[in-house]
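Next up is one chain by itself, shown in structure tokens, the form predicted on its own.
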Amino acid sequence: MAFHISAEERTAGTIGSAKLAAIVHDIRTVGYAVVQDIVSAATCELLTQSILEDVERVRSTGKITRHEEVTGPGHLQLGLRRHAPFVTGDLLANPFIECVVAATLGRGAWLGFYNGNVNCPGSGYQPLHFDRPYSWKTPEDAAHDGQPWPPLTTTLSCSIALEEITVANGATEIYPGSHLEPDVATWPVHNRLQDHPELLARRSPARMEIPARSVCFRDPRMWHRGVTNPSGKPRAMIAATYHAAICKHWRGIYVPNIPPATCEVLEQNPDLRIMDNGELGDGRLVFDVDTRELFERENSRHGINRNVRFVMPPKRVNHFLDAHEVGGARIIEHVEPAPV
């Protein structure tokens, strides 16, 4: 079911406790929940136009993107513009999004990913996959940290529909409830769901349809895949991913048994994260400095760490490049952002 925000909730900037509990229950049991009409029409129009323009620029290079090579043709992991006016509060400081994130992951959860998912006309099918591993691999590991089995998610994906997303324009195929299949918890990285028909038979596919201006909150362990877009025009969607405070790796991975000295440094400086090489580094997302005011206008009333830093001229952010790297985009100087 989809959840609606009442007039009283809009005024208060928060979701009532009973409704919020029902949203979290659906995320934990079904794997997702849709909250309707929480992004403005003006923002949706502005971002849609900018994304379509950027799709044309990416396609004008004549090259297939790295993400398409890995996942499937026509599915773009497209960086979003990181400067005003294209960074808006109802995307990245939205009290209803942050309310659901805090209720699901706890206060102190932090923004770790902000990007565009574009399904282009003529796209193919992605391999069936899940986006995040289980943070606890065995019942014993989970019990040691007071977790149930299967354990709760430590990451939450927010799929923001700039326009209505339906089967007609390539809505993502999902397998509701599959986030509760712990057989995959100990799989090696390259193990594929399609090679396990006995596992797939346990769950039935559906489509992740989302009304315009709405957000689908999804457990990223739920199995899913991009499918073909038969509509004849690109379908734009925004992906924002949040991680629980206990996740100290820059990718939002839960790292058990962190040395006490490292834990102390991480607690003293919440901007630091564990890098891939095990060292500590700045794990914040990068934005041009002209967006600072919207992030700092008021603190998150729900205790969410927006996890951003700002690039000062002559440096600026090239949102086309390095979307999956630290910061989520490449910092450049003296040139216009452009795909390569």
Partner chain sequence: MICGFDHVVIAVSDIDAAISTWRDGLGLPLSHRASHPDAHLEIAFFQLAHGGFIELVAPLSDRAPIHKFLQDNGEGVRVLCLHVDDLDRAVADLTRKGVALDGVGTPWVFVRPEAASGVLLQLWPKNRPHRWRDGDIQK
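Numbering follows the first chain given and starts at 1. Keep in mind the model is a prediction, meaning the values are calculated, not measured.
Not on display, but discussed next: the form predicted in complex with its partner chain.
Proximity to its partner chain in the predicted complex holds for all of Trp149, Glu173 and Leu200, with the criterion being a heavy atom within 4.5 Å. Contact annotation: of the candidates Arg81, Arg132, Arg225, Arg213, the single residue with a non-hydrogen atom within 4.5 angstroms of its partner chain in the predicted complex is Arg225.
Scanning His249, Lys137, Arg107, Arg207 against its partner chain in the predicted complex with a 4.5 Å heavy atom cut-off leaves one residue, Arg207. Stretch 26-34 is the answer when you ask which of 39-47, 300-308, 26-34, 57-65 has residues with heavy atoms within 4.5 Å of its partner chain in the predicted complex. Looking at Leu180, you'd find a heavy atom of it within 4.5 angstroms of its partner chain in the predicted complex. The closest non-hydrogen atom of Met1 lies within 4.5 Å of its partner chain in the predicted complex.
Taking the partner from elsewhere, Val167 is found to have a heavy atom lying within 4.5 Å of its partner chain in the predicted complex.
Tyr125 belongs to the set of residues with a heavy atom inside 4.5 Å of its partner chain in the predicted complex.
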